[in-house]
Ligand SMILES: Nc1ncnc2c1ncn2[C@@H]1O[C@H](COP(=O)(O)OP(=O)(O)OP(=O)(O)O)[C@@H](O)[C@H]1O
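As structure tokens, one chain now follows by itself in the form predicted on its own.
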């Protein structure tokens, strides 16, 4: 039996008169990495934003359908603040807060009531280790996070998301702006993190999808064209659009 962490049922998202997602249904297994692929503008990032309810912040956005987290409707049964604690998000461009490395990590736990310095110290070390950043910054935790390199900032953003112990981590092209070495470190982090959370990652890199994901979902024009175990989708796609996209993307 498939252990579905997130189940999407007939999801449509519209901005004004423009339909971005059209009647999407799929699921994401617990403790797995799913790659979302497709051309720019096909709805990948909108899907992530809807799962995190960032679409709530846009009064011009209309959402229909259901997204279930552990069988509970995220729009009706789970408050937005609780949802964003359980479902973290890392964006394409690193966005650390203009404060110290330590305070970036402690920000979320403090909001959720953790005040003890001993507890916050432990969270900081554990999450920075999980993001493969501890050894690089452990002697500079009071340093402003904006002074870090781009790759370090992105790993800090991952650590900050992990500090509230999310069950799901959404990653929107989290390595696309990074050099190959930094991107490889984040891929290693992702592979380790799936042991304790579900990861859904938008990527334009087919090679990355092949390296790290268990399942791949191909979207075009706001619809899911094909989804399958990653190895199967890339070696024997069933849909002509999928074959054409993969052939073009892999050159």
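Numbering follows the first chain given and starts at 1. Since the structure is predicted, the reported quantities are computational estimates derived from the model, not experimental observations.
This protein has a second form, the form predicted in complex with this ligand, left out of what is shown; the following refers to that one.
query: Taking heavy atoms only, is residue 40 within 4.5 angstroms of this ligand in the model of the complex?
result: Yes, residue 40 sits close enough to this ligand in the model of the complex that at least one of its heavy atoms falls within 4.5 Å.
message: So, residue 53 and this ligand: in the model of the complex, are they within 4.5 Å at any heavy atom pair?
response: Residue 53: no contact with this ligand in the model of the complex.
task: Give a yes/no on whether residue 11 approaches this ligand to within 4.5 Å in the model of the complex, heavy atoms considered.
output: No - in the model of the complex, heavy atoms of residue 11 and this ligand never come within 4.5 Å of each other.
message: in the model of the complex, is there a heavy atom of this ligand that lies within 4.5 Å of any heavy atom of residue 66, even though the partner is absent here?
response: Contact with this ligand, no.
- request: Run the contact test on 20, 46 and 60 with a 4.5 Å heavy atom cut-off to this ligand in the model of the complex and return yes or no.
  value: Yes, all three are in contact.
query: Between the options 204, 185, 211, 29, which residue brings a heavy atom to within 4.5 Å of this ligand in the model of the complex?
result: Answer to the contact question: 204.
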